[in-house]
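Here we start with a single chain on its own, the form predicted on its own, put down as structure tokens.
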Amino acid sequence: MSSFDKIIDANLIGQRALISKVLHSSQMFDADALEIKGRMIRFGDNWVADFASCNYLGFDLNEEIIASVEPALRKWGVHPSWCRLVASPNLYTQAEEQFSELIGSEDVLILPTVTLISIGVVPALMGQDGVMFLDKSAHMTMYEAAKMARDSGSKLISFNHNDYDVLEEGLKQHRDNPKKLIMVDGAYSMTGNYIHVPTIVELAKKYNAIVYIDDAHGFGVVGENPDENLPYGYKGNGVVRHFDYDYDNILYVGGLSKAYSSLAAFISCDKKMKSYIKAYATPYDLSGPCPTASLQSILTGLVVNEKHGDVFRKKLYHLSKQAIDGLREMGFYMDNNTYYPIISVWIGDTDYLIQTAKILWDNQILVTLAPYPMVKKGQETLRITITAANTEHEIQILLQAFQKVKHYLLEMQAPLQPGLVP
């Protein structure tokens, strides 16, 4: 047995071993895509409808964005490999100015991913003696960033999602610490529900804390001035503007790998904070830069968003509502109170999850699986994501496939909703 085998076998125990089991049991893990046509994907000889993409606005397929990339490549090459501390193509400056205007902050700083922003900014702010208050339902990458800060001496306190009483008690206990950071998602990655910005921000103001919002999924879809015509809101400028707040005590992180289909992310900041992040957040000088294609695609994406974004968001809402209402009529449970295009259909058991995923695959549907321990035991879900590039016909195919999932679960005497007996 090699040293590699010994390390692997020694680690194939406990909760993570179950993920390995699912990985080897489902065709929806590590699937080798060969070709796409719109939101249809070819795997081998089979075409399936894609409900696993997070390209919410369909920018990955937008012809205007695609056509804009080659001229930028001719000008800058595929990847000017300066770290940002040394030099940056002017594409960065243009994008940062336009994103700060769109979200209404003094400035923003762009790095390649939300993860890099978190693991750079959180430890830089907390130092050796900060206190972090982390929503247990927030994205795992924030937890990884918090662990790095904790290893340097900062304190990490977790609280259950929306348990503001526990959060306030922690803030009271550490009211004299000037470095307090509350870490939450904007649109939550498993439910699509939004953080209630007024509650969390006003609580933070009461105890002189900063709110760190990871809106990797929400940015580009959620926006300002929501109404009956467009419940998501307009412009796609994020969950903070959705609730009509500013950035006085908020660090807002917008992901661009979802709605803007690009390898990039940004964090809101004023000039002083931007200078501080550049000096203290190690990814600014130790990570690679965004590829030219990504930078150009977000610049053109901003143009497309201004011209057509609200039309795409309206279609996206319509498709998502059609899917959610149809699934609820069948009796399935989804924790989604926004009609956001993240639809996690509760299954509640990993073995049933594997079998229902096979039914979907055999009926030309690709979704994302969320088995235990990726989620809590009993909360296993089939996670559907819808984009503006999907069609009503594909939604109907999805609903027809879930009729077969329902039939299987009822045959197995499995409940369709948590806490219910079939």
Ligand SMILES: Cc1ncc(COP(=O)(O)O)c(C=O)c1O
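It should be emphasised that the depicted structure is a prediction, and the values quoted were computed from it without experimental measurement. Numbers for residues come from their place in the sequence shown, where the first is 1.
The same protein has a further form, the form predicted in complex with the named molecule, not shown here; the description that follows concerns it.
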### Query
With the partner left out of view, is Lys235 within 4.5 angstroms of the named molecule in the predicted bound form by any non-hydrogen atom?
no
### Message
My question is simply whether Ile103 lines the interface with the named molecule in the predicted bound form - judged by any non-hydrogen atom within 4.5 Å.
### Response
no
### Query
Would Thr338 count as touching the named molecule in the predicted bound form under a 4.5 Å heavy atom rule?
no
### Message
in the predicted bound form, does Ile267 come within 4.5 Å of the named molecule, counting heavy atoms only?
### Response
no
### Query
Of Ile343, Val114, Leu295, Ala281, which residue is found within 4.5 angstroms of the named molecule in the predicted bound form when only non-hydrogen atoms are counted?
Val114
### Task
Could you check which residue among Ser154, Thr300, Thr350, Ser257 gets a heavy atom within 4.5 Å of the named molecule in the predicted bound form?
Ser257
### Query
Just one of 137-145, 76-84, 164-172, 237-245 has heavy atoms within 4.5 Å of the named molecule in the predicted bound form; which?
137-145
#### Entry: Neighbours of the named molecule in the predicted bound form among 180-201 [non-hydrogen atom within 4.5 angstroms]
Asp185, Ser189
